[in-house]
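First, one chain by itself: the form predicted alone, in C-alpha cells.
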C-alpha cells in the first residue's frame, strides 16, 4: 500500500516556508544596490510593475502546479507531459549547483559571527606586522574591513590560476553550515516546518532593531534622502526595467523547483492563489524595508567617512600653515583653501597632492552589492557603532537565518523528486538520502574554501542559474498554457480553490509573462555575446585593491558546462522520451 504524502501541519507553516525561502540575501544585498544604481525611489515604479506582470503570476503558477500534481519538479512536469521530464531534471541540476556554493555564504556568516564576540572587533583596526613596528603593509594600502575579508577570511589568491590550498577554518565553518542544514531537513516537513518559524521571523526582528538604531545614527538622514529622491530620468534606461524584472524573478526563487516541492505537501484544497499574493507582497515589502535600513547605515558610513576626510584636511592645513586652533572649520574650509592658495601659492601647490577632495555625494554614490555589501560595507559601519559587538552578532545571525532559510528551499528542490522515486525510497530512508545529498554538496563545496575559491564562487553565482532559470520558467508557462491546456488547468484550480480563475492570471500566464521572459533571455544572451572576453575582479594585495583580469580558457569551459548541463536537460529529456516511446511502439508492432 502506498504511503500517504506528508502534509504541512497548517497553511501558516507553508507560508512561512515560502517566505523563509524567498526572502533571502538578495533582499538585503542586491535590492538596495539596484535602488542606488537606477534612480533611488524611482526604481520602485518598474519594480512594482514587474511584480504585477511577472512575479505574482509565475509564483502562483508554480504553487498551483505543485499543489495539483502533488509531486516534486520532475514528477509534476512528467504528469503534465512525459516529454517535459527534462524540465524537472533541469530544475534539480540548477538547485544542486546553487546548493554547492550558496552554503559557503553561511560558512562566512558563521566565521564572522564567531569573531563578533571579540573586543575590539578584529576588523576594527589593522593588525601589527611581524616585527610589531607598524601595521601590515597590505592593510595600510586598503582598509581594515577589506583586509579582514580578503586576507584573514578568504586568504585570497592574486588570480584564478593560483588555486592555493583549502583554508581549514573556512572548511570547518562550511562543514558546520551543512550539519545545521542536515539537522533542519532530517525529517522532511516534520523538521523543516518547525525551523521555518525561526528562519522566517528572526530576520525581521533584527531588521527592526537595526532600523531603530540606524535612524538614530549621525548622518542616517543623508542616506534616506539619497534613497527616496527619485531620479526619474532612469526610467528611460532599458537596464532599469531589465534589472527590476531580473530582481523580481530571482528574488522569488522561480524555476528552482523549491516552490513546487513546498506546494506538493499542501492540502489539495489549500488556497494557493491567496498564498502566492501574500508571499510575493511580503518578499517585495521586505526588500524595500531592508533598503531603508541599509540606506540609513549607508548614510551613517558616508557621513562618517566624509567628516573624517574633512578633519584630516583641516589638520593637515593647520599644521602646514601654523593656523590658530579653531580658525579653520568645516563651514569655512572652502574659503580658507582659496585664501591659502592666494597667500601661499608655492607651499599650497606642494601640499595639493595630499589634499583629498571630500564629497558626501561621492561617498553616497559608491554602489556595492553582494559579499562586498554584506561583509565589508556593513562591517565597516558596525565597527563605528557603540556596542559594536552586539550589533555585529545580531547582523551576522540575521544573515545566517536568511541563508539557512534559502538552503531549506534549495535542498527541498533536490530531495523531493528523489523521495518521490519508489526505486530510491524502497532502498534508502529519508535520513540517508538527505545525508548523502548534504555530504556530496559539502565535499564539492570545499572548492570554494580554497585560496581561489571566491573566484569560483563568483563564476557559479553569475553563470550557474541565470539563463537556465529563464529557459525553465519559459517552458513551464508554455507547458501549462499550451500543452496541458489553460482551460483544463483552470478547471483544476476551480476544483482546488473553489472559484473560477481571474482573467488577470490567464492574461499574464498566456501572453505577458512569456513575452517578458523571452525579452530577458534575449537581453542576457546578447549581453554575454557583446561582452566579448569574460572578465572577473581579482584582489591585488600589493596595491590593496581589486583589478580586472580575463578568465582563463578552462574557466570559460566550466562556465559553458554550467549553462549547458542544465539547459540541455530539457531537449534531451524530450528526445529520450521520444526514443523510448518509439522503441516501445516498434516492440508492440513486432509482437503483433
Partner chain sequence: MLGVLLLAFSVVSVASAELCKPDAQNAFKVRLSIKTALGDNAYAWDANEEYLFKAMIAFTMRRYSSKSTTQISNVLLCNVTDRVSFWFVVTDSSKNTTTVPGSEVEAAIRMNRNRINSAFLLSDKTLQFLKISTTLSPPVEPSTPVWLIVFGVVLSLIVAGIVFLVVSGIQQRKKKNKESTERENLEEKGEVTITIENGIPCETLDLKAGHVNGVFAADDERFTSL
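Residue numbers count along the first chain shown, from 1. The term rigid core refers to the most C-alpha atoms you can superpose between the two forms while keeping them within 1.5 Å. These figures come from a predicted structure and were not determined experimentally.
Omitted here: the form predicted in complex with the partner chain. The next part is about that form.
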| item | value |
| --- | --- |
| Site test, 115, 325 and 431 vs the partner chain in the predicted complex, non-hydrogen atom cutoff 4.5 Å | yes |
| Heavy atom of residue 488 within 4.5 Å of the partner chain in the predicted complex | yes |
| Proximity of residue 518 to the partner chain in the predicted complex, heavy atoms at 4.5 Å | no |
| Heavy atom of residue 134 within 4.5 Å of the partner chain in the predicted complex | yes |
| Partner proximity in the predicted complex: residue 173 to the partner chain, non-hydrogen atom cutoff 4.5 Å | yes |
| Residue (of 225, 186, 278, 215) lying close to the partner chain in the predicted complex, criterion heavy atoms within 4.5 Å | 186 |
| Residue among 479, 180, 209, 160 with a heavy atom within 4.5 Å of the partner chain in the predicted complex | 180 |
| Partner-proximal stretch of 230-238, 310-318, 408-416, 356-364 relative to the partner chain in the predicted complex, 4.5 angstroms, heavy atom | 310-318 |
| Partner contacts for 49-78, taking the partner chain in the predicted complex and a 4.5 Å heavy atom cut-off | 71 |
| Is_shifted residue 347 between this form and the one not shown (CA, 2 Å cut-off, rigid core) | yes |
